[in-house]
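Coming up is one lone chain in structure tokens, specifically the form predicted on its own.
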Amino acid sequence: MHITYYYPWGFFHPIRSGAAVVADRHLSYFRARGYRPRVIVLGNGTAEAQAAFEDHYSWVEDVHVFPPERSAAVQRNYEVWDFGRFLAAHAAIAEVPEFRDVLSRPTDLVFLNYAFSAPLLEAVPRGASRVLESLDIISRQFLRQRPSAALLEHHLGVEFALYQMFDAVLMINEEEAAFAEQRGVTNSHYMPRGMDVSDALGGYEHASGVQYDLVFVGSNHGPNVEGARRFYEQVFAPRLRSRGMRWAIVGSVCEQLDFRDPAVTMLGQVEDLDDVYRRTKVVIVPLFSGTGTSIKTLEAMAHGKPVVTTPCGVRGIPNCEEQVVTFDFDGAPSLVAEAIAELCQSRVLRESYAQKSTAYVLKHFGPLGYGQRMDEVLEPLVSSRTGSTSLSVVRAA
């Protein structure tokens, strides 16, 4: 069973974004089933970063890295946050001889991330099964500034037409999967993320003491930048800083934040995020826009941390009222501050949330259930290529 796997945001180890969490889970699934994908990555990175990535995934068949600047057409289009430009970039990638050679090699299954990568299918061998990880309805991500109904409708129409080019489309948000089905998408599958809670079990906080009261983890994606700024201006600076609260911010979002405060530590990229979680009392997820599922909320819950967030921060995480503290940050900043202060003052309360959160994640997003759901989607594709009626037959291949 030969698999070609494509990811458009550079090296996804170390994990620095929600999309990277999803990609890492894909690779973990393939490895558990005995598959060795051919991995293709679009993006830049240092030689050291590439070496670390290849070492972590040394078990795959091979790794191919395509820096956008290798093609003027790719770089020109990929630098602009626009759905059409990203589609054009991938159409150009499919025409680059080196890249086209890798895509056209014999394969049984092609697994792409994000709908805008669909033009790559033009170079894929005929007969290969095609799977798309949509992650979210990306049209809405590209049109964050409240577009007209007609413009959004046009983008959705293009995106859902691209879905039809695949044998299966995986969607991490159940409501979005249902919406796509209502719009005529017949090959979509709700695939909630598989989260590992093993790091949380046995110790939610470092015995040696907690270093931070709050932590926010995010990439330099626009909604993360907006959320961190609004939380600082509306909640932290006027209501929590005077209480001696310490806030740590992790990830490339730090590069886009212009406020400087002795009570706020900009950690940037870290080597051991698990350790940061264990040294933190409360995780905040101040998101006001977004699609798909809030991976950062799930990740915090899986680490046994109490989460204070907005309604947007629990998208794709159903019926979690008892596990996550949710407020309208704009409408009730004082209530947000009081909830955070109460959690920071009570370890008993934090551990209560930790136990409820990890139990919830295991039940609804556990790795065992994730693997079974992936088997259900991929098994028909595997059988059509190998003649096997069960994935278990080919796991050791």
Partner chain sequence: MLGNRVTEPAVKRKLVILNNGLKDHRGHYFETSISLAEAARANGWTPILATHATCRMDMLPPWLSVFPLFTTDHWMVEPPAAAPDVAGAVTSPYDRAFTSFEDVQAGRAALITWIADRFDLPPVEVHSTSEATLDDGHSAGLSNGWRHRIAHGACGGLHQLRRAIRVAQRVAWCGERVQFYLVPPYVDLLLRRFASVMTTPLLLTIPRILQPRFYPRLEERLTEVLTRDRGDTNGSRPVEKRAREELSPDPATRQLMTAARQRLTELGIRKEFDHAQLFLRDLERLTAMADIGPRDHVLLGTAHFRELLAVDWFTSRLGRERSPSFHLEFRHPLFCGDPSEEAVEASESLRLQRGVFQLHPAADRSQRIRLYTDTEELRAEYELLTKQNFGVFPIPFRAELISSRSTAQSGPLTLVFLGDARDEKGFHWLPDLIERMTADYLQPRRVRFLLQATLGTPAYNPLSGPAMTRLKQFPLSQVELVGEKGPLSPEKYYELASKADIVLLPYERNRYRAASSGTLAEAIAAGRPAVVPADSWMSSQLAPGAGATFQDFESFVSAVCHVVDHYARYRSAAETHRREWLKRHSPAALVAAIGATELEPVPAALSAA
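Positions refer to the first chain, counted from 1. What you see is a predicted model; the values in this text were computed from it and never measured.
Beyond what is shown, the protein has a form predicted in complex with the partner chain; the following relates to that form.
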| So which of D275, E153, E98, E322 reaches within 4.5 angstroms of the partner chain in the predicted bound form, heavy atom to heavy atom? | E153
| remark: Answer key: of D196, D108, D136, D167, within 4.5 Å of the partner chain in the predicted bound form (heavy atoms) is D167
| request: Within 4.5 Å of the partner chain in the predicted bound form, counting heavy atoms only, one of 280 to 288, 72 to 80, 211 to 219, 305 to 313 shows up; tell me which. | output: 72 to 80
| said: in the predicted bound form, does every one of R239, V336 and R347 come within 4.5 Å of the partner chain, counting any heavy atom? | reply: no
| Partner proximity in the predicted bound form: G268 to the partner chain, non-hydrogen atom cutoff 4.5 Å | no
| said: Q256 versus the partner chain, in the predicted bound form: is there a non-hydrogen atom within 4.5 Å? | reply: yes
| message | Residue-level contact is defined here as any heavy atom of the residue lying within 4.5 Å of the partner chain in the predicted bound form; does R85 satisfy this criterion? | response | yes
| said: When the contact criterion is heavy atoms within 4.5 Å, does R130 count as touching the partner chain in the predicted bound form? | reply: yes
| query | Even though the chain is shown alone, can you say which residues of 167 to 186 have a heavy atom within 4.5 Å of the partner chain in the predicted bound form? | reply | D167, F179, Q182, R183
